[in-house]
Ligand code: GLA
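Shown here is one chain on its own, the form predicted on its own, set out as structure tokens.
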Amino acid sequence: MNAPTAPRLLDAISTRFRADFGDGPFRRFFAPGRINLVGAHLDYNGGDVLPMAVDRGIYLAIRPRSDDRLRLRSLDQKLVVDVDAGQVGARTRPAFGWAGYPLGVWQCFREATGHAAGFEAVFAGDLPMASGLSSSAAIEVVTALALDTLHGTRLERQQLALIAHKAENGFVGVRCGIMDQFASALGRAGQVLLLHCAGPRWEHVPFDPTACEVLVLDTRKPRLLAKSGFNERVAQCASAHEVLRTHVRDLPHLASYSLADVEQCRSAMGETSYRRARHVATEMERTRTAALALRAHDYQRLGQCLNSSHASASGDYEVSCDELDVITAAARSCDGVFGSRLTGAGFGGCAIALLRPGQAEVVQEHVATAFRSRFGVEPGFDLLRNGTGPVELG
């Protein structure tokens, strides 16, 4: 499967590029967003995850400059950013807004390769922002690929993913794991990525689009608590890990411990850290089961893993919300749905439902009715397909 071309979007970024930066050659790139089938909040705990690159993402038109000026535009955001290299600094700041992501990649790319020339760029996407489909990672990966191509550094895709992750972790300040960037950088059509984050090591697992479709359910609720809540969960997991290291044995990651280990330390952890650790241990088992189900083309079993994952993310990890709980429950009540769970960090944004092909319209109608009656809001829907990794476009 080729990367999507989105002609209107490509025309729009090309028009904006010429309007803001003048005539002359420029290059265009694409990087996909992702959905994570199973493995909620495991990547930063050294666990296993099952993300899939999708056929939506971020598009970029870019041209190198002969000086160190960085000029960034977006069709989706009004903020215009023009800075010199010396103004970028080691951390983003509010004035950078959305541009903190590509600026962070530029900074990390410069540190890794020594290339410090500036660029001018226009970004646009067909992923909903702040929805849990990882638009930030797609922005980072498409920027990393573009800089690598412009400078001829020929970095491996996993190196681009690590540069993108360093930008979000260090420059932007979100203490995320590596899943989103790796899913975007290493995506393949007809497959999902089984990523062992502790390595990192990875393999690709088959996904049959003729047997199962992925419907995104958008609650329309912005993930306003995602950053603060995410960092809080990271700290709680670190606390649980320290207890396990002290009372059981010294293993490198929280996800390395079994559920029996976690149960043994329940009283020493305190209830909140215990429930966070219990989610991690049980989600590891669900991810392993889901990978086996995919290899066996057992989508009923895969759907059961999604349902259990959502229950754990909502109850033990507390990253769901009323909107996500209602929209996933409504999807599960449909005959054509294998399973449903929140995706991304949670706290709002999107969920996914796995369904039999041809059932999308019936499921959408049922879910929309249930969601409107509860919240008075019309949810959004997108039927997504497998995507490729990042590519340069013609």
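From 1 onward, residues are counted along the sequence shown. Predicted model only: the values in this text are computed from it and were never measured.
Note that the form predicted in complex with alpha-D-galactopyranose (GLA) isn't included here; everything after this is about it.
- The candidate spot formed by P51, F207 and Y299 lies out of contact with alpha-D-galactopyranose (GLA) in the predicted complex, as no residue has a heavy atom within 4.5 Å of it.
- Contact annotation: of the candidates V337, A330, L70, A345, the single residue with a non-hydrogen atom within 4.5 angstroms of alpha-D-galactopyranose (GLA) in the predicted complex is A345.
- This chain is drawn without alpha-D-galactopyranose (GLA); in the predicted complex, the residue among F171, Y257, F109, F230 with a heavy atom within 4.5 Å of it is F230.
- Although the partner is absent here, A40 lies within 4.5 Å of alpha-D-galactopyranose (GLA) in the predicted complex, judged by heavy atoms.
- In the predicted complex, alpha-D-galactopyranose (GLA) lies within 4.5 Å of some heavy atom of M179.
- In short, of 321 to 329, 23 to 31, 337 to 345, 364 to 372 it is 337 to 345 that has heavy atoms within 4.5 Å of alpha-D-galactopyranose (GLA) in the predicted complex.
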